[in-house]
Ligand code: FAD
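Presented below, as structure tokens, is a lone chain in the form predicted on its own.
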Amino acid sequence: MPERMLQFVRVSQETPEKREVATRRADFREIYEEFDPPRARTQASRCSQCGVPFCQVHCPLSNNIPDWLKLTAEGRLEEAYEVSSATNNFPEICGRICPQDRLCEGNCVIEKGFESVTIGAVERYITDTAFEKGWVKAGTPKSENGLSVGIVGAGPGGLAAADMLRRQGYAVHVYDRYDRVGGLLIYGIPGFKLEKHIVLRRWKLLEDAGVVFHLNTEIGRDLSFEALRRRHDSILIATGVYKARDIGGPGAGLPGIVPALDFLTASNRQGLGENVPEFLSGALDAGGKNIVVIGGGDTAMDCVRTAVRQGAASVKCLYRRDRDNMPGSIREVKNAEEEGVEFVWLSAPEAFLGDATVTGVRAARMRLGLPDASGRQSVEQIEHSHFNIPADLVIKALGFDPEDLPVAFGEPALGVSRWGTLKVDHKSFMTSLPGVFAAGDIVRGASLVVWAIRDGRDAAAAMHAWMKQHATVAVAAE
């Protein structure tokens, strides 16, 4: 039966059941079970249907959350999927990996004593049901418009743009240097947050729609940027940012100190059935080792929880601020603590110990001071507070910076910002080169998957508008 709305006053918040800690520590399957239909409807009915939906306001995609919650409560799931997918190309992915506690759910207007609606879990339930029922179709165009678009990067931003442009009749070609589609969705995010078949089925849908993928193709190495521009009527650069931020100090160059993405990529490739030499040799395998992860963001959480599943002897996360000031999802911290990760708050590395390889981290205690220019509390070291942490493998999860694309692409005319990101007109997404656009992390810096999807959609709209005016073949009427 359809559920009445505003049930938060009598129905408590419930999330899907988590698998038992001992079980989930032993594999890379997602930790949350699926909602059963009655519970999903009941949880959706907790929505207050408020006049100003702050969940939608604080969603980068402006998803029509109250509408698809109401449709779910009424049992109208196919309509709920249509509403959800109208603003989001990959709702099943966002439902799994978005930090809802910082976005939609964190801004739910239901008073905190009643707790927010479980938006992410319902979003995942809607789309998983849509796939099971066969409601999700390839986005084929009604007609071809004779124009061609090249997209560099098969991550979430590039894929969202490819989907939107293909639906409008463009011949879309996506170039990526890796051997699979998905970017960080495949190689960076562990399976316990996003199982890989979820990404692979979207890849299949895009191919069914007519998007052509050129994998193992690095622009600037296998194909020049100039040649790429000659092939297509416009170009979108959506490469993301992958260059790991480094850390200094004595011993920083010791073997056994590795970037987070190297560690996660090796683990994900191993999980995909590949033979990864760095994993097989033990260099990127946490099994039986004392692990120290430096950083407090979502990537750090991915690393500590991956190390647990690889059978690490101990896993510690070293972060210079406290729990309330960390940038990562508090939900992920809680999951990590349940799985046995120890957080060493208000601590920062000073040096790395060891001779032939790292054997420990020398750290110092920190205290929070006054807010800095960004509004976050500054940190300062407490004198004479040094302590050592044993470590056989140290993982640096300090964030990412962009590669020097003008050099990598052999195109010095590409303008960059002082942060090394590509410089664009923020209304048109156009770079310094006519007909060349850019979107996602390569423009805004390392950010969330949901922002990459939003940027990809917006860039696709800007490219469409530009090509209607400048392309040599008239675009089909909308």
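We number the residues from 1 along the sequence you see. Owing to the predicted nature of the structure, the values given are computational and were not obtained by experimental measurement.
We do not show the form predicted in complex with the ligand, though everything after this point is about it.
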- [ ] Although the ligand is absent from this view, report whether G158 comes within 4.5 Å of it in the predicted complex, heavy atoms only.
- [x] yes
Task: Non-hydrogen atom contact V449 with the ligand in the predicted complex at 4.5 angstroms - done: yes
TODO: Considering only heavy atoms, tell me if K193 and the ligand come within 4.5 Å of each other in the predicted complex.
DONE: yes
TODO: Give a yes or no for T299: in the predicted complex, does one of its heavy atoms lie within 4.5 Å of a heavy atom belonging to the ligand?
DONE: yes
Task: Selected contact from P99, G251, P259, G169, since only one has a non-hydrogen atom within 4.5 angstroms of the ligand in the predicted complex - done: P99
- [ ] Just give me the single entry in L184, L318, V315, L393 that has a non-hydrogen atom within 4.5 angstroms of the ligand in the predicted complex.
- [x] L184
TODO: Go through 358-366, 134-142, 318-326, 185-193 and give me the stretch that gets within 4.5 Å of the ligand in the predicted complex, heavy atoms only.
DONE: 185-193
Open item on the list: If you apply a 4.5 angstroms heavy atom cut-off, which residues in 141-178 are near the ligand in the predicted complex?
Closed with: V152, G153, A154, G155, P156, G157, G158, Y175, D176, R177, Y178
